[in-house]
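The chain that follows stands alone, in the form predicted alone, written as structure tokens.
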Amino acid sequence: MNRIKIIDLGFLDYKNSWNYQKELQKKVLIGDCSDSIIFVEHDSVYTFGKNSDKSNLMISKDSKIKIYETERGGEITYHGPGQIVCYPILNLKNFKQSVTWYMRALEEVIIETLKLLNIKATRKDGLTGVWVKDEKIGAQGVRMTKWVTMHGFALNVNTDLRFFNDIIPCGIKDFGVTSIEKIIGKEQDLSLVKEHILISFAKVFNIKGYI
């Protein structure tokens, strides 16, 4: 497998990050750019997937938190400071042309990342994402164009979980939300967690290296 390009946007608002993704996806589609992984941390926003139930947002439109309706799959979620968002822009023709495989692979990246932090995480039958006991720690939603992906997953690291109180995260009422900081009991180094994600990505996707 060719090496994958790593792009760390640091702290960037959601709209500019979204536009960046779309432009990069176009370049990967026409072969002007290698497969890439984007890391970013956003200001507080709520985002809807393309078929989301709008009633899962329980605050008024007057909220100071911006709301975006996106083309990804999945339900409503929250992005904000202390959360690592990972947007792989990959041509799955270089991996495996299967949406189901890709979704499970992203979950496995999160599970392997948490294992490196001595956190046992699992899947739940019939639900997308990654869980620690009955609390969700990693959410995901993707979009594909001719097998080139965009959007991806969000991992709660030092996330302020109170923002999830105003939504029904991913449309799931029966379970809670957690973070690495909450589980371990202290604030985490985001750079170190990103390194763990890349180690896990290489393992799951059989990547030889990064550029």
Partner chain sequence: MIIDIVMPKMGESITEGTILEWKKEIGEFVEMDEILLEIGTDKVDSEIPSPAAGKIIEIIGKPNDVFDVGAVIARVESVSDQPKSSDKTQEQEKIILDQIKETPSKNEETIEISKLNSNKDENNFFTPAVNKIIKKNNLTKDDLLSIVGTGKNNRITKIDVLKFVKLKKNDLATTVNKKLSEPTLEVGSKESLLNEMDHVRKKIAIHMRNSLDTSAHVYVSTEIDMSRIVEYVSEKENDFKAQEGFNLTFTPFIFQGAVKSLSSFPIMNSSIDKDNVITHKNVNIGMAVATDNGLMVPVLRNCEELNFLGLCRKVNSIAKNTRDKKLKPDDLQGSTFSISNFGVFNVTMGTPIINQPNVGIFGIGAIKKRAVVIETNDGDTIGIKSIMVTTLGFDHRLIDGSEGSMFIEDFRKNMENFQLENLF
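A quick note: this is a predicted structure, and the numbers were derived from the prediction, not measured. Residue numbers count along the first chain shown, from 1.
From this point on, the text means the form predicted in complex with the partner chain, which you will not see here.
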Lys5, Lys50 and Arg72 - do all three of these have some heavy atom no more than 4.5 Å from the partner chain in the predicted complex? yes
Within 4.5 Å, heavy atoms only: does Ala105 come near the partner chain in the predicted complex? no
In the predicted complex, does Trp147 have a heavy atom within 4.5 Å of the partner chain? yes
Classify Ile65 as contacting or not contacting the partner chain in the predicted complex by the rule of any non-hydrogen atom within 4.5 angstroms, answering yes or no. no
So, in the predicted complex, is Ser98 in contact with the partner chain at a 4.5 angstroms heavy atom limit? yes
Is any part of 103-121 within 4.5 angstroms of the partner chain in the predicted complex by a non-hydrogen atom, and which residues would that be? Met103, Arg104, Lys115, Leu116, Asn118
